[in-house]
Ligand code: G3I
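There is one chain below, alone, in structure tokens, taken in the form predicted on its own.
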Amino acid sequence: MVFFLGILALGVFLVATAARAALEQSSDFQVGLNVAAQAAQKLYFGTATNADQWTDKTYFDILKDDSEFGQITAANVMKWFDTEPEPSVFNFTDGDVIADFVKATGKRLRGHNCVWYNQLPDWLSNGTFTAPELAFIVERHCFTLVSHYRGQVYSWDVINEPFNDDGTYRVDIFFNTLNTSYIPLALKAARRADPHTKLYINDYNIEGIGAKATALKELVRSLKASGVPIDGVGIQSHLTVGGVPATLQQNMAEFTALGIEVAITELDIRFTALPPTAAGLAQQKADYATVVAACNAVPGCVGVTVWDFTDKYSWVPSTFPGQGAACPWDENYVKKPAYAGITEGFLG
């Protein structure tokens, strides 16, 4: 057994060394972002996607390229509004399209998400429930959703965005009715549904050390002390150019010191004024490199996912009018300097 493990470790080392050599010899490190991630001994580089974009052939050809992406997140169709549009009436048709694509291409799948205050069906967001009723609904939804994809999903964002920026709990239908008890309810239901998937809490503005990150660390400590299953924290990383927190790497290390893994789950780095200048694109490249290098430096950071890879389908302009150009590819599928920044970040 020891001999076998030694041979296996040597094989992994040789593959990573060969990939790294190829990276370093390539022009501007243009060899594939997933290749770069695996050369750095991370599990993947991934992207979120929506299947209605797949009729765009150029988009789909890039998406399915294993050298670019080894992991896929369903951006919308595994959320509550789509998967349980009526009480106890489940719909997995749209989610299955993503899952089938992942299975066919041999990529990893990230489930997103089980419990979130947003994009809820009207019957839930407008409903009036007692605590026992809502507890049952949360458990039913999480168990049914996760069990449907049992054995297919590397990790689930079981709880999404539970905190305000000041570290207090977000006031929503779940907290208002169940206080914080909905969090262990959801995590335990997800674990019963799939004993092998990784269970995450996912949030934004937790990239640097601060009140929100501290609150999430305290929650992780509390869950683990109570025997509640929690495997990871998703650090979304919707950032602005020039705005990467200086404490990102330290913060990730503090999370992993709690006995969990972390992942960069929704990375994009937007310009707050358009169009980008040459200096701005250079800064964006440096920022992408900084984020990826921080993950690369923390052994417990398993991978990096962008929240779609092209400006053509970025969520940013519709949410932040006048801002954008946040992705590694532009709207015409031309690789921006940010692309090289990602591979450089993995090279260390």
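Remember, predicted model here, so these are calculated numbers, not experimental data. The first residue of the shown sequence is 1; numbering continues from there.
Only in words, not in the display: the form predicted in complex with this ligand, which the text now covers.
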TODO: Identify which of Asn126, Gln119, Thr93, Thr168 has a heavy atom within 4.5 Å of this ligand in the predicted complex; exactly one of them does.
DONE: Gln119
- [ ] Identify, from the list Lys224, His238, Lys188, His148, the residue with a heavy atom within 4.5 Å of this ligand in the predicted complex.
- [x] His238
Open item on the list: At 4.5 Å between heavy atoms, is Asn76 in contact with this ligand in the predicted complex?
Closed with: yes
- [ ] Verify the contact flag for Thr83: yes if a non-hydrogen atom of it lies within 4.5 Å of a non-hydrogen atom of this ligand in the predicted complex, no if not.
- [x] no
- [ ] Verify the contact flag for Glu261: yes if a non-hydrogen atom of it lies within 4.5 Å of a non-hydrogen atom of this ligand in the predicted complex, no if not.
- [x] no
Open item on the list: Within 4.5 Å, heavy atoms only: does Trp315 come near this ligand in the predicted complex?
Closed with: yes
Open item on the list: Can you tell me which of 224-232, 135-143, 271-279, 160-168 lies within 4.5 Å of this ligand in the predicted complex, counting heavy atoms only?
Closed with: 160-168
Task: Within 4.5 Å of this ligand in the predicted complex, all of His112, Glu266 and Trp307 (non-hydrogen atom) - done: yes
